[in-house]
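The chain below stands alone, shown as structure tokens; this is the form predicted on its own.
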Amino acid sequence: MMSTEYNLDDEMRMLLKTVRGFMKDELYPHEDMVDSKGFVPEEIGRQIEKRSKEVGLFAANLPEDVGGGGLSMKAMSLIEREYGKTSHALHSWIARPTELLLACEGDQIERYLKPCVTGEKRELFALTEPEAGSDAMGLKSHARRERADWVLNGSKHFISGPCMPDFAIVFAATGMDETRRGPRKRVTAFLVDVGTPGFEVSEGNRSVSYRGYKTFQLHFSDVRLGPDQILGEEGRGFELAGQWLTMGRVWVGASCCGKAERIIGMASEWAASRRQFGQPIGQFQGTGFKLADMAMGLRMGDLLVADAVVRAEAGVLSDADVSMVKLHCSEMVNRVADDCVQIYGGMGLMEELPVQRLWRDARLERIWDGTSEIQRHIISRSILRPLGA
């Protein structure tokens, strides 16, 4: 049981039961195969997609008035926590379309938003570039205006998704603005369809974390876009990106807690059943204290996520709040995974057991959606800036 499960109402408990049953039937059975093959067979992915629609989990994060499930932030935190117990390669087929698409207007709603809600289309969030990872303002992709149109050039990498997308939300510089901190790139979000002349998308590097979860490389060479392909307003792209990254980091924290819970369960069972020197290894302080630290770290993670959800619903969630969630939970699950391997000893690294897979998967959490170093920078900045430093 999760640390905050004791205070759930009947509706939330039913949601958890649905998610856990779905994962038991549709996701867990494929874990070993996907990790071994390094990809999710198309028929398996489409089956997950189909079944998730049948039980109401597909696009559950978007409002009901656009066809989504309309779940609250608290409900989504429970879902993301459960999804974290398995591979991103599998649960990403249960689409949670980016909330950025709610900024669609006019024909964009029928062309992009609604097809993502129904599953007819899949999108990519394309911000990261070869020379602009943590330094998002260092992006080189740019679009120049030609009469009413825009001409886009540049590239993106480490853009992730479960399958080949239908379009990408691409962030590019469209000019410069003067600010009190000096010149700053004006960044705009564009909706770019796969198949548009000059737009090439291909599968990128393969990661040892979440094997089967794809990364894509995007290249733009004089891609001509109409004014109706700007998402939101020109020059307000980073504000849009921030909306997605803010709660996205909280969901990463929630998923890390789910993964940690699963790992702790494995470590505890092994510590109770594995015997050395005539007794279960859990009775040795070297092992028992690890379990104690695991449990304490998970409890703190769950409480941080729950607090962030309350703050978000109250409209007072700050960047530092989010960074604390992302930082603690991602580093916590890495400690838990590493200690679990140590408790298992050599068996923890054997392919026959899932421990090594969860250990590899956990490592990515400290990097994507903002590295641990970036999160510490955001937190320390929130402390020092009010003091003029």
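Not measured: the values here are computed from a predicted model. So that there is no doubt, residue numbering starts at 1 and follows the sequence shown.
FYI, the form predicted in complex with a small molecule isn't displayed, but the following is about it.
Taking the partner from elsewhere, L304 is found to have every heavy atom lying beyond 4.5 Å of the small molecule in the model of the complex. Put simply, V309 is far from the small molecule in the model of the complex: not one heavy atom of it is within 4.5 Å. Under a 4.5 angstroms non-hydrogen atom cutoff, the small molecule in the model of the complex lacks G119 among its neighbouring residues.
Contact between I379 and the small molecule in the model of the complex is not found at the 4.5 Å heavy atom cutoff. Taken together, the three residues T215, I367 and I374 all lie with some non-hydrogen atom within 4.5 angstroms of the small molecule in the model of the complex. Residue-level contacts in the model of the complex: of L113, I159, L78, V192, one residue has a heavy atom within 4.5 Å of the small molecule, and it is I159. Residue in contact with the small molecule in the model of the complex (any heavy atom within 4.5 Å), chosen from L240, A126, I230, V252: A126. Residues with any non-hydrogen atom within 4.5 angstroms of the small molecule in the model of the complex fall in just one of 89 to 97, 313 to 321, 194 to 202, 132 to 140: 132 to 140.
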